[in-house]
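Single chain ahead, written as structure tokens, the form predicted alone.
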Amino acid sequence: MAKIKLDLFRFDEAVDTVPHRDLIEVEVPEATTVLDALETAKAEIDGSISFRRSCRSAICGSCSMSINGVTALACKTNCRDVVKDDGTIAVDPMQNFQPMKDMVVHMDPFWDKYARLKPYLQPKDKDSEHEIERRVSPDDMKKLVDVANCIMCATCYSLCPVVSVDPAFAGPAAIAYAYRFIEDVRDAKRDERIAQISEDYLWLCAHCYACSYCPKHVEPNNRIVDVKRAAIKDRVMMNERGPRHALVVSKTIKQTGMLAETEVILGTVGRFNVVGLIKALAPLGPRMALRGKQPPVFVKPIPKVDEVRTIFEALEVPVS
């Protein structure tokens, strides 16, 4: 047995104006999980401790919470792996959510963004037109297996810094689920889905890979890249700044081996968008000029630019 001190976030929106913390010591088996430790504290010490849980097997996704500052499934996190030197484990509600009571948070923003995608199959014909089920080849299903494992635990959403600064951003889970239907050969709403997720600020993703931690290995960070590729391939909403920025960055690096910053600004904002260019350059341009950091108007190719172009050509070839 081991003694563990749970440093718990405590807040009840019905009665509290500010949160506080409780330090509760429990004696549990050495191999216990954080969820088991919380269950022990609730059953034996303070029955008012509140948190969501259900399966205790990393299947339902209910017990997502912040453990020592990192969002994870409490049922999958072993106490001995996260206990600090002083014997404590800090437990808080997920970031990017409004706490309701202790570790229970309001999930409405997360589910609203998910629902906007219409997360169900929308085929072009009716079920009655098929004598048997809608069959899909193994090859077509391979690319959907990983994302279909998503349990909507919101861990990636909680870890996303873009959601922190702009709550309008759809978030990694919603974009990953958009990919699940965008690439489903049975679905007839591919362009509509790409347009919807683009409107939900797909292109705000900064590719920081904070969402690369996923308890079910869905890898939403890679699915975001896949959805952006699909948007460019299908030329959906190509007049938006996001896809224009991605294309001009790729173009300048392929041509010169370097990022041509001047060309990126012109290509992203629009060469003839005078108002937009003034807004983009007015606050930044003079400061860069004063410090001698203004980018060159013309960028010469680097000596081994052919090697860079070879990388681009290799990446553009489908890998079987």
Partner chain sequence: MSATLLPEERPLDAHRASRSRETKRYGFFPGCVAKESCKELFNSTMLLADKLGIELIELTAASCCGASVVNDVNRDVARVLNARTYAQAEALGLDDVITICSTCTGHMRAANKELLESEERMDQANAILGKFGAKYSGGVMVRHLLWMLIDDVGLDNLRSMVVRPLNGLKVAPFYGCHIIRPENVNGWESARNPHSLEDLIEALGGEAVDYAGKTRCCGFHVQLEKDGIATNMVGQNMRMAKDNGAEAVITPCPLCHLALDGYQQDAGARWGRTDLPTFHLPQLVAYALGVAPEKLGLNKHLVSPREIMVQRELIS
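Positions refer to the first chain, counted from 1. Between two forms, the rigid core is the largest collection of C-alphas that superpose within 1.5 Å. Since we're looking at a predicted model, the values are computed, not measured.
Not pictured, yet referred to below: the form predicted together with its partner chain.
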Answer yes or no: in the predicted bound form, does its partner chain come within 4.5 Å of a heavy atom in every one of Pro29, Ala41 and Ala115? no
Only one of Ala148, Cys208, Met141, Leu121 has a non-hydrogen atom within 4.5 angstroms of its partner chain in the predicted bound form; which is it? Cys208
State the residue from Gln98, Ser137, Ser212, Asn239 whose non-hydrogen atoms include one within 4.5 Å of its partner chain in the predicted bound form. Ser212
Heavy atom to heavy atom, is Asp16 within 4.5 Å of its partner chain in the predicted bound form? no
Would you classify Thr33 as touching its partner chain in the predicted bound form, given a 4.5 Å non-hydrogen atom cut-off? no
Does any part of His20 reach within 4.5 Å of its partner chain in the predicted bound form? Heavy atoms only, please. no
So, His245 and its partner chain: in the predicted bound form, are they within 4.5 Å at any heavy atom pair? yes
Its partner chain isn't shown here, but in the predicted bound form, which of 129-137, 107-115, 160-168, 189-197 has heavy atoms within 4.5 Å of it? 160-168
At 4.5 Å, heavy atom to heavy atom, what parts of 228-258 sit next to its partner chain in the predicted bound form? List them in sequence order, or say none. Lys228, Arg229, Ile232, Arg241, Gly242, His245, Ala246, Leu247, Val249, Ser250, Ile253, Gly257, Met258
Honestly, after the rigid core fit, is Asp306 moving at least 2 Å at Cα between this form and the one not shown? yes
Determine, after fitting the two forms on their core, whether Val297 shows a C-alpha shift of 2 Å or more between this form and the one not shown. yes
